[in-house]
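Below sits a lone chain in structure tokens, taken as the form predicted alone.
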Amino acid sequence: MRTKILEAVNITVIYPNNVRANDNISISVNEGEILGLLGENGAGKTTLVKVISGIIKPTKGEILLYGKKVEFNSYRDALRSGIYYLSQNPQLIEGLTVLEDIGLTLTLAGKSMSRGSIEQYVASIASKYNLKVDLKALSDNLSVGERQRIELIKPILLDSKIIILDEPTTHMSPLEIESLYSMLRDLAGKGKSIIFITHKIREATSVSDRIIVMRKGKISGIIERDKFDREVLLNLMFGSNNTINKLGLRYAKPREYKSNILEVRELWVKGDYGDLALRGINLSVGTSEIVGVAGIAGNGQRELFETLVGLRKPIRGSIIFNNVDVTSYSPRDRIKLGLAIVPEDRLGWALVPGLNIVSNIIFALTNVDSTLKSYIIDWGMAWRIAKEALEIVPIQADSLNTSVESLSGGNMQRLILARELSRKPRLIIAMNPTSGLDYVTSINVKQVLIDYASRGVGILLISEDLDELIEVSDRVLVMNRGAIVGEFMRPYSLENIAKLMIS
């Protein structure tokens, strides 16, 4: 009989806009258990674990640790009690090196370790669990996937008793996911308790001892490992009408690739520390074509994205977009030519926290469209433009006055797509557009890309989700160490693509 290490009892969270994110939820976690927390975007999973982690104060309910009631006033309190929360979008402290960031986390947890000890311990953990980490790198120069690796090391370094992972596989390759599963099983075998949040049934059933399913802020079911069943889990996630099983991507075929909308020729780009991040990249995207770029995080995908959208200057090579050499153009000028940009960081890059939906749409458009520029904003017109944008890709929100950070990850992504597509683009460059999204939302986003390709829009899809690339791409390019090392056409060989990613 396993010891009950954590209990969340009758947790209710009601946000200021009267949204009931958690409705009288009670869960328990046993010592040495991997507990899967499964649900679609907006089901209340993240809110619940933020209560457990001391980040959010519940409206009602209590937390018991080893049978005793605890009150956390901050994440630091939870951290010092042995609870570690790895966010879906890990935020390391900008301006610090990875080593300094880890040292700060140790301090917050009330622990002390010398620089040499940190380096030695991190190297040991990284080697054991196959987690590549550069301690000298600046935190703000890392991709989301690289930040996740660092965050996975921290709870082991801290010897945390309870580890909460919020969508940890979002930026991982299939081989990295298997390594993560092995790591979690090893930690659970040593008595660590793990809460594994996911919206993917396959992930939940692969690694969990029990699965708790959440739907619309409530627990809809608790399933033991010997009773895992995909159909049952789908019904618990989305309701018993089974419409989810009828979902699938609709392809408008055939599509004609009349000409190249994007050509990249011999592109060489330096990384953040003067090293070569891109080495002689050649690629093209045709009208109506979806070209996927596969690769493990840290192999030049982020630098490629930043260079193509105008945030990073190449040292050699050229970028031809819509028959114009845009190599020296700013992002704004590229957008004017018909570029839509969908970055992987939703908050802070794609969307501005603290601003409402209307402001996030209209300020982005006025920054490019000179006809909308004015020192005085006509908010009536702004609301009309926002409504028109959201007719392209609808979102779920109480009103257009809703602050963007209160939206679920799926609604944030829909908002970004709605805004970018309202520009009527010729080319869409997207990086990890479905990361952290549930099955339904992910299908919707991919369907939008397919539909726009059928209308003649070229799409460059940079993704760490190999299944996604194979599902929607007409061609798949593989990146490794800053170079394109292979090109694949349908029918795809998952094994051959994966081999090139890790060779």
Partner chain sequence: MVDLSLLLRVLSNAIPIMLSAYGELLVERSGRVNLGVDGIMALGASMSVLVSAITGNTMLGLISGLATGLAASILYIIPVIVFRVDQVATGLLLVFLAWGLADLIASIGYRVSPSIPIGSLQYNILALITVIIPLILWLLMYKTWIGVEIRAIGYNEILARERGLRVDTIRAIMLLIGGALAGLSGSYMALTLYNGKYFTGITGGWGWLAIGSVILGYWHPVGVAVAAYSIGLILTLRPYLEAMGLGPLSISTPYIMVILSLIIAAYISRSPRFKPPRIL
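Please read all numbers here as calculations on a predicted model, not as lab measurements. Numbering follows the first chain given and starts at 1.
The discussion below concerns the form predicted in complex with its partner chain, not included here.
Looking in the predicted complex, any heavy atom of Arg279 within 4.5 Å of its partner chain?
No.
How about Lys154: is it within 4.5 Å of its partner chain in the predicted complex, going by heavy atoms?
Lys154 belongs to the contact set for its partner chain.
Test of understanding: in the predicted complex, would Arg76 fall inside 4.5 Å of its partner chain by heavy atoms?
Arg76: yes, in contact with its partner chain in the predicted complex.
At the 4.5 Å heavy atom threshold, is Thr105 in contact with its partner chain in the predicted complex?
Answer yes; at least one heavy atom of Thr105 falls within 4.5 Å of its partner chain in the predicted complex.
Please pick, from Ser112, Asn401, Gln120, Asn323, the one residue with any non-hydrogen atom lying within 4.5 angstroms of its partner chain in the predicted complex.
Comparing distances to its partner chain in the predicted complex, the residue within 4.5 Å is Ser112.
Sole residue of Glu176, Glu289, Asp101, Glu203 within 4.5 Å of its partner chain in the predicted complex, by heavy atom:
Contact residue from the list: Asp101.
Going by heavy atoms within 4.5 Å, which of 93-101, 120-128, 156-164, 205-213 lines up against its partner chain in the predicted complex?
In the other structure, the partner sits against 93-101.
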